[in-house]
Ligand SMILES: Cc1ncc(COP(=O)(O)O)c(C=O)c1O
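Have a look below at one chain only, the form predicted on its own, in C-alpha coordinates format.
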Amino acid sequence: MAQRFSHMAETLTGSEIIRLGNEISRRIKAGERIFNLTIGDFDPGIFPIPNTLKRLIQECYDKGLTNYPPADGILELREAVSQFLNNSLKTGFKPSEIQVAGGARPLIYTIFRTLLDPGDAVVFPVPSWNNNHYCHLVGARPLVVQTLPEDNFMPRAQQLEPLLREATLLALCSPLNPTGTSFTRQQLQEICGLVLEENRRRKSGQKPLYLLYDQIYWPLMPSDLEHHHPLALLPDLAPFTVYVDGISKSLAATGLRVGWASGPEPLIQRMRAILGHIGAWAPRAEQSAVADYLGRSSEVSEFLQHINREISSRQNAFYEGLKGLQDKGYPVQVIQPTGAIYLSVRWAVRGAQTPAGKVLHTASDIAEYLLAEASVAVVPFTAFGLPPDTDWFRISVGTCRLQDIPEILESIENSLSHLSFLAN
(Lines give C-alpha, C1' and ligand atoms only; values in the text may rest on other atoms or scores of the structure.)
Protein backbone atom coordinates (compact mmCIF):
# COMPACT_ATOMS: atom_id res chain seq x y z
CA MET A 1 0.00 0.00 0.00
CA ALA A 2 1.39 3.39 -0.99
CA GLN A 3 1.95 5.71 1.93
CA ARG A 4 -0.13 8.86 2.00
CA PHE A 5 0.48 12.01 3.99
CA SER A 6 -1.22 15.31 4.59
CA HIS A 7 -1.88 17.42 1.52
CA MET A 8 0.38 20.10 3.00
CA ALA A 9 3.28 17.68 3.45
CA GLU A 10 2.83 16.04 0.06
CA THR A 11 2.84 19.39 -1.75
CA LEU A 12 5.54 21.12 0.31
CA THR A 13 8.85 21.63 -1.48
CA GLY A 14 12.10 21.57 0.44
CA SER A 15 14.51 24.47 0.64
CA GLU A 16 16.35 24.86 -2.65
CA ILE A 17 19.11 26.78 -0.86
CA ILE A 18 19.71 24.00 1.65
CA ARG A 19 19.61 21.38 -1.11
CA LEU A 20 22.14 23.29 -3.19
CA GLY A 21 24.35 24.06 -0.19
CA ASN A 22 24.37 20.43 0.90
CA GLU A 23 25.26 19.26 -2.60
CA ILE A 24 28.17 21.71 -2.83
CA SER A 25 29.39 20.70 0.64
CA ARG A 26 29.27 17.02 -0.39
CA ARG A 27 31.34 17.72 -3.48
CA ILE A 28 33.88 19.74 -1.50
CA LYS A 29 34.23 16.89 1.02
CA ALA A 30 34.78 14.53 -1.92
CA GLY A 31 37.81 16.58 -2.92
CA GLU A 32 36.54 19.13 -5.42
CA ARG A 33 37.85 22.69 -5.12
CA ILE A 34 34.76 24.88 -5.21
CA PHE A 35 34.30 28.46 -4.11
CA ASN A 36 31.06 28.06 -2.16
CA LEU A 37 29.14 31.34 -2.22
CA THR A 38 25.73 29.73 -1.72
CA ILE A 39 24.71 29.33 1.90
CA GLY A 40 23.80 32.30 4.10
CA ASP A 41 26.09 31.06 6.84
CA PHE A 42 29.54 31.75 8.28
CA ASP A 43 32.67 29.64 8.22
CA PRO A 44 33.70 29.57 11.90
CA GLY A 45 37.33 29.43 10.84
CA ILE A 46 36.88 32.81 9.15
CA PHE A 47 34.10 34.35 11.25
CA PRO A 48 34.29 32.87 14.78
CA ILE A 49 31.76 33.88 17.42
CA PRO A 50 33.01 36.40 20.01
CA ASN A 51 35.57 34.87 22.37
CA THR A 52 33.74 36.17 25.42
CA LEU A 53 30.46 34.63 24.29
CA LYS A 54 32.19 31.29 23.71
CA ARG A 55 33.66 31.39 27.23
CA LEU A 56 30.32 32.35 28.78
CA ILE A 57 28.55 29.44 27.06
CA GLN A 58 31.15 26.99 28.33
CA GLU A 59 30.80 28.38 31.85
CA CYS A 60 27.01 28.00 31.70
CA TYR A 61 27.34 24.33 30.78
CA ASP A 62 29.85 23.90 33.60
CA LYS A 63 27.21 25.34 35.95
CA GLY A 64 24.74 22.71 34.81
CA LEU A 65 22.35 25.02 32.96
CA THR A 66 20.95 22.19 30.87
CA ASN A 67 17.30 21.93 31.96
CA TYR A 68 14.18 23.29 30.27
CA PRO A 69 14.06 27.07 29.89
CA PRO A 70 10.76 28.97 30.28
CA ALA A 71 8.57 28.88 27.18
CA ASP A 72 9.10 32.59 26.52
CA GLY A 73 12.82 32.58 27.30
CA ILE A 74 14.64 33.21 30.55
CA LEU A 75 13.83 36.56 32.12
CA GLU A 76 17.48 37.64 32.14
CA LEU A 77 17.68 37.29 28.37
CA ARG A 78 14.38 39.04 27.71
CA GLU A 79 15.55 41.90 29.92
CA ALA A 80 18.90 42.05 28.12
CA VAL A 81 17.24 41.96 24.68
CA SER A 82 14.79 44.66 25.72
CA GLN A 83 17.61 46.92 26.90
CA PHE A 84 19.75 46.15 23.83
CA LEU A 85 16.94 46.99 21.38
CA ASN A 86 15.83 50.06 23.27
CA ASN A 87 19.36 51.45 23.50
CA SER A 88 20.25 50.61 19.90
CA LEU A 89 17.00 51.23 18.05
CA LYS A 90 14.93 53.33 20.50
CA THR A 91 12.03 50.85 20.41
CA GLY A 92 10.69 50.86 23.99
CA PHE A 93 9.99 47.11 24.27
CA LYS A 94 9.34 45.62 27.71
CA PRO A 95 10.60 42.13 28.62
CA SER A 96 6.99 40.91 28.44
CA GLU A 97 6.98 41.95 24.78
CA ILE A 98 9.94 39.71 23.93
CA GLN A 99 9.60 36.07 22.86
CA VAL A 100 12.77 33.96 22.68
CA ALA A 101 13.07 30.86 20.48
CA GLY A 102 15.62 28.65 18.74
CA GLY A 103 16.51 31.15 16.04
CA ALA A 104 14.40 33.23 13.65
CA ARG A 105 12.80 30.36 11.71
CA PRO A 106 10.48 29.02 14.43
CA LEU A 107 9.55 32.60 15.32
CA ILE A 108 8.52 33.45 11.76
CA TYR A 109 6.54 30.22 11.50
CA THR A 110 4.85 30.97 14.83
CA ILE A 111 3.96 34.49 13.74
CA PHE A 112 2.33 33.10 10.59
CA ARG A 113 0.55 30.45 12.68
CA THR A 114 -0.60 32.99 15.27
CA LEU A 115 -1.97 35.61 12.87
CA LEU A 116 -3.28 33.66 9.90
CA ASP A 117 -6.23 31.39 9.28
CA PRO A 118 -6.34 29.23 6.15
CA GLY A 119 -7.14 31.46 3.20
CA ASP A 120 -5.90 34.68 4.82
CA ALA A 121 -3.71 36.70 2.48
CA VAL A 122 -0.04 37.55 2.98
CA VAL A 123 1.62 40.26 0.92
CA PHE A 124 5.34 39.90 0.38
CA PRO A 125 7.90 40.97 -2.21
CA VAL A 126 10.16 38.70 -4.22
CA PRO A 127 12.98 38.00 -4.21
CA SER A 128 12.67 37.21 -0.52
CA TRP A 129 13.38 34.34 1.80
CA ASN A 130 10.86 31.56 2.52
CA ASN A 131 7.62 33.58 2.70
CA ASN A 132 6.11 31.29 0.06
CA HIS A 133 6.92 28.21 2.15
CA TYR A 134 5.50 29.70 5.35
CA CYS A 135 2.30 30.52 3.48
CA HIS A 136 2.12 26.90 2.35
CA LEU A 137 2.71 25.58 5.87
CA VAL A 138 -0.26 27.49 7.31
CA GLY A 139 -2.56 27.49 4.27
CA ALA A 140 -2.30 31.23 3.71
CA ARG A 141 -2.84 32.88 0.34
CA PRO A 142 0.31 34.53 -1.07
CA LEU A 143 0.01 37.91 -2.77
CA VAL A 144 3.37 38.36 -4.42
CA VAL A 145 4.97 41.61 -5.55
CA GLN A 146 7.90 41.23 -7.94
CA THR A 147 10.43 43.96 -7.24
CA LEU A 148 12.82 45.58 -9.70
CA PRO A 149 16.61 45.82 -9.84
CA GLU A 150 16.35 49.57 -10.41
CA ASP A 151 14.72 49.74 -6.94
CA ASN A 152 17.51 47.56 -5.49
CA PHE A 153 14.87 44.81 -5.28
CA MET A 154 13.13 46.65 -2.41
CA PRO A 155 9.33 46.98 -2.71
CA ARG A 156 7.75 50.36 -3.37
CA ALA A 157 4.62 51.58 -1.61
CA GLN A 158 2.84 51.93 -4.97
CA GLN A 159 3.39 48.22 -5.65
CA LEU A 160 2.08 47.11 -2.27
CA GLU A 161 -0.90 49.47 -1.92
CA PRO A 162 -3.37 47.66 -4.23
CA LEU A 163 -2.92 44.40 -2.29
CA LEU A 164 -3.04 45.56 1.31
CA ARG A 165 -6.82 45.92 1.54
CA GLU A 166 -7.33 42.13 1.29
CA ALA A 167 -4.30 41.14 3.38
CA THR A 168 -3.84 40.10 6.99
CA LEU A 169 -0.04 40.23 6.98
CA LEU A 170 2.64 42.22 5.20
CA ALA A 171 6.02 40.46 5.46
CA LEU A 172 9.10 42.64 4.97
CA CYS A 173 12.82 42.20 5.56
CA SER A 174 15.62 44.78 5.74
CA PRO A 175 18.52 44.39 5.15
CA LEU A 176 17.16 41.88 2.70
CA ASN A 177 18.07 38.27 2.13
CA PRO A 178 18.94 37.53 -0.72
CA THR A 179 19.79 40.93 -2.18
CA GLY A 180 22.05 42.60 0.40
CA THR A 181 20.03 45.81 -0.01
CA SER A 182 17.92 47.75 2.49
CA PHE A 183 15.12 50.27 2.81
CA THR A 184 15.75 53.98 2.65
CA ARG A 185 13.94 56.04 5.23
CA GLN A 186 11.51 57.41 2.64
CA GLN A 187 10.73 53.98 1.16
CA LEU A 188 9.84 52.48 4.52
CA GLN A 189 8.03 55.63 5.72
CA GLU A 190 5.66 55.44 2.76
CA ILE A 191 4.95 51.73 3.30
CA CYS A 192 4.37 52.16 7.02
CA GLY A 193 1.97 55.00 6.27
CA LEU A 194 -0.08 52.64 4.10
CA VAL A 195 -0.23 50.01 6.86
CA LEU A 196 -1.40 52.57 9.41
CA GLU A 197 -3.96 54.00 6.98
CA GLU A 198 -5.33 50.52 6.23
CA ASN A 199 -5.74 49.73 9.92
CA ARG A 200 -7.58 52.98 10.53
CA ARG A 201 -9.94 52.04 7.70
CA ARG A 202 -10.80 48.60 9.10
CA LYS A 203 -13.92 48.14 11.17
CA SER A 204 -14.08 46.91 14.75
CA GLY A 205 -13.98 43.11 14.88
CA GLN A 206 -12.09 42.86 11.59
CA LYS A 207 -8.58 41.45 11.67
CA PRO A 208 -5.94 44.16 11.51
CA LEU A 209 -3.25 44.30 8.88
CA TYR A 210 -0.11 43.17 10.69
CA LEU A 211 3.45 43.99 9.69
CA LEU A 212 6.17 41.35 10.15
CA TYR A 213 9.55 43.08 10.04
CA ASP A 214 12.47 40.68 9.77
CA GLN A 215 15.56 42.65 10.79
CA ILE A 216 17.91 39.78 11.62
CA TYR A 217 20.68 41.50 9.61
CA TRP A 218 20.22 45.01 10.97
CA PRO A 219 23.59 45.24 12.82
CA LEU A 220 25.36 44.24 9.60
CA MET A 221 25.31 47.49 7.66
CA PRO A 222 28.07 49.84 6.48
CA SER A 223 28.96 52.38 9.13
CA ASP A 224 27.77 55.30 7.00
CA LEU A 225 24.24 53.87 6.61
CA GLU A 226 21.36 53.79 9.10
CA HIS A 227 18.98 50.92 9.71
CA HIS A 228 15.37 52.08 9.45
CA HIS A 229 12.52 50.26 11.17
CA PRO A 230 8.77 50.86 11.48
CA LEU A 231 8.35 52.03 15.07
CA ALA A 232 11.10 54.62 14.72
CA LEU A 233 9.15 56.12 11.82
CA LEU A 234 5.55 55.64 12.97
CA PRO A 235 5.19 54.73 16.68
CA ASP A 236 1.41 54.36 16.18
CA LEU A 237 2.14 51.10 14.35
CA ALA A 238 3.11 49.40 17.64
CA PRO A 239 -0.15 47.38 18.01
CA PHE A 240 0.28 45.93 14.52
CA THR A 241 4.05 45.35 14.20
CA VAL A 242 6.17 42.35 15.19
CA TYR A 243 9.93 42.21 14.72
CA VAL A 244 12.14 39.15 14.20
CA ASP A 245 15.76 39.35 15.32
CA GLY A 246 18.54 37.35 16.98
CA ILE A 247 22.26 36.64 17.17
CA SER A 248 22.56 34.27 14.21
CA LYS A 249 23.93 36.81 11.76
CA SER A 250 25.23 39.72 13.83
CA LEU A 251 27.40 37.49 16.04
CA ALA A 252 28.16 34.88 13.32
CA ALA A 253 26.32 32.45 15.60
CA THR A 254 23.98 30.61 13.23
CA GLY A 255 24.36 27.30 15.08
CA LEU A 256 23.69 28.66 18.57
CA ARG A 257 19.98 29.10 17.77
CA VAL A 258 19.06 32.14 19.86
CA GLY A 259 16.48 34.43 18.31
CA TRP A 260 13.70 36.68 19.51
CA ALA A 261 10.52 38.35 18.37
CA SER A 262 9.36 41.65 19.80
CA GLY A 263 5.89 43.06 19.50
CA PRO A 264 2.57 43.80 21.23
CA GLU A 265 2.11 41.75 24.38
CA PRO A 266 -1.21 40.10 23.34
CA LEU A 267 0.48 38.73 20.21
CA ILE A 268 3.57 37.62 22.14
CA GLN A 269 1.38 35.78 24.66
CA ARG A 270 -0.31 33.77 21.90
CA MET A 271 3.01 33.04 20.24
CA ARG A 272 4.29 31.78 23.60
CA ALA A 273 1.42 29.31 23.85
CA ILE A 274 2.15 27.90 20.39
CA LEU A 275 5.90 27.70 20.97
CA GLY A 276 5.24 26.02 24.30
CA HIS A 277 3.63 23.13 22.43
CA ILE A 278 6.26 23.06 19.70
CA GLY A 279 9.15 23.23 22.16
CA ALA A 280 11.34 25.27 19.80
CA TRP A 281 13.32 26.77 22.66
CA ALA A 282 16.82 28.15 22.56
CA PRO A 283 19.09 26.10 24.87
CA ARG A 284 19.18 27.45 28.42
CA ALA A 285 22.99 27.71 28.57
CA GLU A 286 23.12 29.75 25.36
CA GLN A 287 20.27 31.97 26.58
CA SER A 288 22.07 32.71 29.83
CA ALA A 289 25.37 33.39 28.06
CA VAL A 290 23.77 35.70 25.48
CA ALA A 291 22.02 37.62 28.28
CA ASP A 292 25.38 38.19 29.95
CA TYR A 293 27.10 39.08 26.68
CA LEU A 294 24.48 41.59 25.49
CA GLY A 295 24.96 43.45 28.77
CA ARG A 296 28.62 44.07 27.86
CA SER A 297 27.81 46.93 25.52
CA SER A 298 31.39 47.96 24.75
CA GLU A 299 32.37 44.40 23.81
CA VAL A 300 29.26 43.99 21.65
CA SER A 301 29.98 47.27 19.89
CA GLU A 302 33.61 46.33 19.30
CA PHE A 303 32.67 42.95 17.84
CA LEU A 304 30.00 44.44 15.56
CA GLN A 305 32.48 46.98 14.24
CA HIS A 306 34.94 44.15 13.56
CA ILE A 307 32.51 41.86 11.75
CA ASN A 308 31.13 44.75 9.71
CA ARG A 309 34.61 45.66 8.54
CA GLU A 310 35.27 42.06 7.52
CA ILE A 311 31.95 41.66 5.70
CA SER A 312 32.11 45.06 4.00
CA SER A 313 35.64 44.39 2.75
CA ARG A 314 34.39 41.23 1.02
CA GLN A 315 31.23 42.82 -0.36
CA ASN A 316 33.20 45.80 -1.68
CA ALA A 317 35.86 43.57 -3.26
CA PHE A 318 33.20 41.60 -5.13
CA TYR A 319 31.29 44.75 -6.07
CA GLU A 320 34.34 46.53 -7.46
CA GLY A 321 35.57 43.38 -9.23
CA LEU A 322 32.23 42.66 -10.87
CA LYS A 323 31.81 46.30 -11.84
CA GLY A 324 35.24 45.98 -13.44
CA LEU A 325 34.00 43.06 -15.52
CA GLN A 326 31.01 45.12 -16.58
CA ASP A 327 33.31 47.98 -17.59
CA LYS A 328 35.28 45.51 -19.74
CA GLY A 329 32.10 44.73 -21.65
CA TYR A 330 31.04 41.50 -20.00
CA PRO A 331 27.27 41.06 -19.52
CA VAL A 332 27.48 41.54 -15.75
CA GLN A 333 25.41 43.77 -13.49
CA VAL A 334 25.88 44.15 -9.75
CA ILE A 335 24.03 46.23 -7.16
CA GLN A 336 25.90 48.13 -4.47
CA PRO A 337 25.25 46.20 -1.22
CA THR A 338 23.88 48.14 1.75
CA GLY A 339 23.73 45.43 4.40
CA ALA A 340 23.59 41.74 5.30
CA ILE A 341 26.22 39.37 3.83
CA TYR A 342 25.03 39.24 0.22
CA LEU A 343 25.31 40.82 -3.21
CA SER A 344 22.83 40.78 -6.10
CA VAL A 345 24.58 39.87 -9.34
CA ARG A 346 23.22 39.50 -12.86
CA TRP A 347 24.92 37.35 -15.46
CA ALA A 348 22.98 38.24 -18.62
CA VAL A 349 24.12 35.22 -20.59
CA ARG A 350 20.86 33.45 -21.37
CA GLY A 351 21.09 32.36 -25.00
CA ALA A 352 24.86 32.07 -24.93
CA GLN A 353 26.53 28.85 -26.04
CA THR A 354 29.10 27.04 -23.90
CA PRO A 355 32.31 25.49 -25.30
CA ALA A 356 30.52 22.13 -25.07
CA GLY A 357 27.75 23.43 -27.32
CA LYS A 358 25.05 23.78 -24.67
CA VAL A 359 22.82 26.85 -24.84
CA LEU A 360 22.12 28.55 -21.51
CA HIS A 361 18.35 29.02 -21.23
CA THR A 362 17.60 29.22 -17.50
CA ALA A 363 19.06 30.36 -14.21
CA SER A 364 19.90 26.75 -13.42
CA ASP A 365 21.83 26.48 -16.68
CA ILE A 366 23.87 29.56 -15.77
CA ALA A 367 24.53 28.32 -12.23
CA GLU A 368 25.64 24.93 -13.52
CA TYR A 369 27.97 26.54 -16.06
CA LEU A 370 29.62 28.79 -13.44
CA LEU A 371 30.09 25.77 -11.19
CA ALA A 372 31.55 23.61 -13.96
CA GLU A 373 33.75 26.23 -15.63
CA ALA A 374 34.62 28.65 -12.80
CA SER A 375 34.26 26.35 -9.77
CA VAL A 376 32.00 29.05 -8.28
CA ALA A 377 28.71 28.08 -6.63
CA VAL A 378 25.99 30.73 -6.35
CA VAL A 379 22.22 30.68 -5.73
CA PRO A 380 19.83 31.83 -8.47
CA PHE A 381 16.99 34.11 -7.45
CA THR A 382 14.62 31.32 -8.48
CA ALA A 383 15.23 30.04 -4.93
CA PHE A 384 13.69 33.29 -3.69
CA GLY A 385 10.56 33.40 -5.80
CA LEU A 386 11.68 34.65 -9.22
CA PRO A 387 10.83 32.70 -12.41
CA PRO A 388 13.27 30.25 -14.07
CA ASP A 389 14.24 32.76 -16.76
CA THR A 390 15.81 35.15 -14.25
CA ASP A 391 19.52 35.79 -14.61
CA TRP A 392 19.95 37.34 -11.14
CA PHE A 393 21.90 35.49 -8.44
CA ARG A 394 22.87 35.78 -4.79
CA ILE A 395 26.50 35.82 -3.69
CA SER A 396 27.07 35.13 0.02
CA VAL A 397 30.39 36.19 1.57
CA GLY A 398 30.13 34.48 4.97
CA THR A 399 32.35 31.57 3.98
CA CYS A 400 34.72 33.54 1.76
CA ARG A 401 38.35 34.40 2.45
CA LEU A 402 39.25 37.90 1.32
CA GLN A 403 42.44 36.69 -0.37
CA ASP A 404 40.42 34.27 -2.54
CA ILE A 405 38.27 36.96 -4.18
CA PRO A 406 40.75 37.96 -6.94
CA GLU A 407 41.00 34.31 -7.99
CA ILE A 408 37.21 33.93 -7.93
CA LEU A 409 36.77 37.01 -10.11
CA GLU A 410 39.43 35.85 -12.53
CA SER A 411 37.78 32.44 -12.78
CA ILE A 412 34.40 34.04 -13.45
CA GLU A 413 35.92 36.25 -16.16
CA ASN A 414 37.55 33.26 -17.83
CA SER A 415 34.29 31.31 -17.83
CA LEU A 416 32.40 34.25 -19.34
CA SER A 417 35.05 34.73 -22.02
CA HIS A 418 34.58 31.12 -23.16
CA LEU A 419 30.92 31.68 -24.05
CA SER A 420 30.44 31.90 -27.78
CA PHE A 421 29.28 35.51 -28.08
CA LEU A 422 32.16 36.66 -25.84
CA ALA A 423 34.96 34.86 -27.73
CA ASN A 424 38.03 37.05 -28.21
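Keep in mind it's a predicted model, so treat the numbers as computed, not measured. Residue positions are given as counts along the sequence shown, with the first one as 1.
Another form, the form predicted together with this ligand, is not on view; read the next lines as being about it.
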Out of 308-316, 234-242, 248-256, 271-279, where are the residues with a heavy atom within 4.5 Å of this ligand in the predicted complex?
248-256
State yes or no: in the predicted complex, is some non-hydrogen atom of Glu286 no more than 4.5 angstroms from a non-hydrogen atom of this ligand?
no
Would you classify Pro127 as touching this ligand in the predicted complex, given a 4.5 Å non-hydrogen atom cut-off?
no
Verify the contact flag for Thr181: yes if a non-hydrogen atom of it lies within 4.5 Å of a non-hydrogen atom of this ligand in the predicted complex, no if not.
no
Would you classify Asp214 as touching this ligand in the predicted complex, given a 4.5 Å non-hydrogen atom cut-off?
yes
Tell me, which of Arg202, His133, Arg105, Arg156 has a heavy atom within 4.5 angstroms of this ligand in the predicted complex?
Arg105
This ligand isn't shown here, but in the predicted complex which of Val195, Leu343, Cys173, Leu169 has a heavy atom within 4.5 Å of it?
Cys173
Those residues of 174-195 with a non-hydrogen atom no more than 4.5 Å from this ligand in the predicted complex are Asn177
